[in-house]
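Only one chain is shown below, in structure tokens, and it's the form predicted alone.
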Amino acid sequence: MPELLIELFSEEIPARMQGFARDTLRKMVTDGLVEAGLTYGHAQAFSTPRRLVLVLDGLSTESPTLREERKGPAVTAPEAAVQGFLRSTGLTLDQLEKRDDKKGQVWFAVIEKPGRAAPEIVAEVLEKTIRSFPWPKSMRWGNGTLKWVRPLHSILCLLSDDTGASVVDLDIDGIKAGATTAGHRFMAPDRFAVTGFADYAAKLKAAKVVLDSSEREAMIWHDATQLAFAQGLELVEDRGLLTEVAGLVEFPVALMGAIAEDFLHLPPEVLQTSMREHQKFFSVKNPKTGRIEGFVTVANRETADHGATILKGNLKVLSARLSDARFFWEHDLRVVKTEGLEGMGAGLANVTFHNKLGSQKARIERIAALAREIAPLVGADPDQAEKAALVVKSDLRSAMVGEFPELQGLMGSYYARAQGLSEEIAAACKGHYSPLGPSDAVPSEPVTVAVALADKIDTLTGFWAIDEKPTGSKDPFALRRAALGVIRLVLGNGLRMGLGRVVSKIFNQRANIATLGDWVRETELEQEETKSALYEALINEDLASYAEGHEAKLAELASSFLGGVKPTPSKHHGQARQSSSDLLSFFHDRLKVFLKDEGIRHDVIDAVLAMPGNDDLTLVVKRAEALSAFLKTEDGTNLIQGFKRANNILTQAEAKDGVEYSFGADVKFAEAEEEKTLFAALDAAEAALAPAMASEDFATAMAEMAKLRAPIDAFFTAVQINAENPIVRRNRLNLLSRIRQICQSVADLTKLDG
């Protein structure tokens, strides 16, 4: 079977697009070939800055002949129906067959599609792939209409087998497929012919091109670590940068240089970020001091002076870049030492967080108030939590974060220490954004946890209040990530806090503000400017700065509001209750996704969420874990079936009789020994379950539940529920009610599947 080799040779492809391009080329070509009837054994895609390559082993030589039978209308059908069937098949009436059917004779069409040779199909599929390739950005060049990420120079398209190799006949806007390619742009630019993939790969390597991106990564990492090791230093791992740099070179040559002494006092993260973002340098660290003291750059060629000229040029540019970073650092330190972090962040009053949620300053004040309330729930000092919340976002106005936004939070921690603030506040500056993703560490310092929770909860309640919730796959404000962050903070620190109560209080406060805003809009004020100013303050939830000095009524109302006196409930309070309920459901949905990855079924979580205290996520998870473990045992599975049988019988009887059987089961009416045994087992379980549930010892509770399995099974085997004696029947139905009540005290087992 032939081997297919495709190379699309162009100007440099951006490194960030190469992985996508490899996968897309493989998928589009293989899907197209399979759809046309060809088969293949294995497909591999490769990329370098100047080429996309695809090789398929075991490609079939032609597509099979296809025979399709299609049933048409009845022979007696109207002419229009027959003509429509003929058009759909492409046949004429004399080519149709009459066949007997249940309701008489019908027309049948037998359509044969002859197979096609592989070269014809490959040419068709490759042209379609090139013309419709979904580059994130593409361009046209010259006078042609073809679009590609960069000008496309040549196409290599070769089918080869034991008998030899042949070029696929393909011409796309004047670019004809051939059997040649070119080596390294500088070290081996001449074109050469190839006869197959093995020949292609070997000749490329000889022409100073390493085809496989993973091989280039391995070369870069090995050479760079060896250079650092030789000087007693360590290369700072950066997998993202490694992948990017491997996409910038066809023949990687690692070169190491030293950072000038003038810049070594800069924070290591600043040096690393500046070198990575501006020059794609790897950082080299002194393991004894932790300082970044050197760098590794990767050239795309070997030189006669072993890279000395390249290093000299890079050092010149690096010095300029690090001079900028040093200026930002020293400027920010001067601001902090003269004005403090609060002074640095003062400009956030003029930065809009969201046009319906006010400024960043107003948001920070909300977060500070909330952090103070949350602090006792997480073991943090309220004063420290509030103070930290007021400064954790100040570095957003720093020169350094303006240049390198990814350093937000981290730079705040440096500036907090420079100001002499506590280590708790410095840690909160750095850690309050966490966790950002599923692999991000969860902070454990109490002050950081308080501020991180306040930050994320304020975001969620704010966007819920203005009805900007995630819809489908759209989540422009990353609210799912914020909710998952809250969940991980709560569970990772074993926090016992009622989220429902926290968010309900926030929504009520917003409802109070909205109600006060309605009053401001509707009341007659002599000073329209005052009215506008106060209303604007309401949007920013910053009444104090405007109430003082205004009319007595406004001052009195604002003072009462700020003192905690709630306005008369309004429509806003009804909306607040609904928003609180919706947001708690959102947390529950995110919790299900999180626990699914932990191996806990959705129905198990639903059974636990139906119980009281479902806004205590730590409690919910403890219950879910215990129930999940119980259901994996034989006793657990059988007990659930027994419970469901009891519940079904009881539900049907209550519906039929129009009464509720929930009280009055008495052992004196028991007739069978199995019935008396069940009474005793239920008494014992009830006595043991109550203290176990009260102490949240769910493992013990489940163990006690398991003891009910045998007596319930025996009861259903030996006892007829619908006895002829109405007293006995009622007593047995009330006994089933006890089974339901005791089992439901652990979780709502009706929510379980199966």
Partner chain sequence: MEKPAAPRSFQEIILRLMTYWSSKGCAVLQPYDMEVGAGTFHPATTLRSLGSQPWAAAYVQPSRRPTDGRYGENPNRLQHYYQYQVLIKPSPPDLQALYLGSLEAIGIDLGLHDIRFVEDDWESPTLGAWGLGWEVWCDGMEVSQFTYFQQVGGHDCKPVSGELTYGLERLAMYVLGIDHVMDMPFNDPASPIPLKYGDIFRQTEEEYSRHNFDGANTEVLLQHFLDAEAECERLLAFPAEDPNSGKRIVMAHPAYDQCIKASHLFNLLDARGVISVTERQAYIGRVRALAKKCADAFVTTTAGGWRPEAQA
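Numbering follows the first chain given and starts at 1. These figures come from a predicted structure and were not determined experimentally.
Another form, the form predicted in complex with the partner chain, is not on view; read the next lines as being about it.
Asn314 near the partner chain in the predicted bound form, any heavy atom under 4.5 Å? Result yes; Asn314 sits at the interface with the partner chain in the predicted bound form.
Should Asp23 be classed as touching the partner chain in the predicted bound form when contacts are defined as heavy atoms within 4.5 Å? No, no contact at 4.5 Å.
Even though the partner isn't displayed, in the predicted bound form is Gly232 close enough to the partner chain, meaning a heavy atom within 4.5 Å? Answer no; every heavy atom of Gly232 is more than 4.5 Å from the partner chain in the predicted bound form.
4.5 Å heavy atom contact, Gly19 and the partner chain in the predicted bound form: Output for Gly19 is no: heavy atoms all beyond 4.5 Å of the partner chain.
Name the single residue among Lys205, Arg150, Arg191, Arg480 that comes within 4.5 Å of the partner chain in the predicted bound form, judging by heavy atoms. Spelling it out, the residue with a heavy atom inside the cut-off is Arg150.
State the residue from Arg501, Lys176, His278, His602 whose non-hydrogen atoms include one within 4.5 Å of the partner chain in the predicted bound form. Selected residue: His278.
Since the chain is shown here on its own, which stretch among 434-442, 246-254, 76-84, 490-498 would lie within 4.5 Å of the partner chain in the predicted bound form, judged by heavy atoms? Of the options, only 246-254 has residues within 4.5 Å of the partner.
Going through 305-343, which residues have a heavy atom within 4.5 Å of the partner chain in the predicted bound form? Please give them in sequence order. Stretch hits, in order: Asp305, Thr309, Ile310, Gly313, Asn314, Lys316, Val317, Ala320, Asp324.
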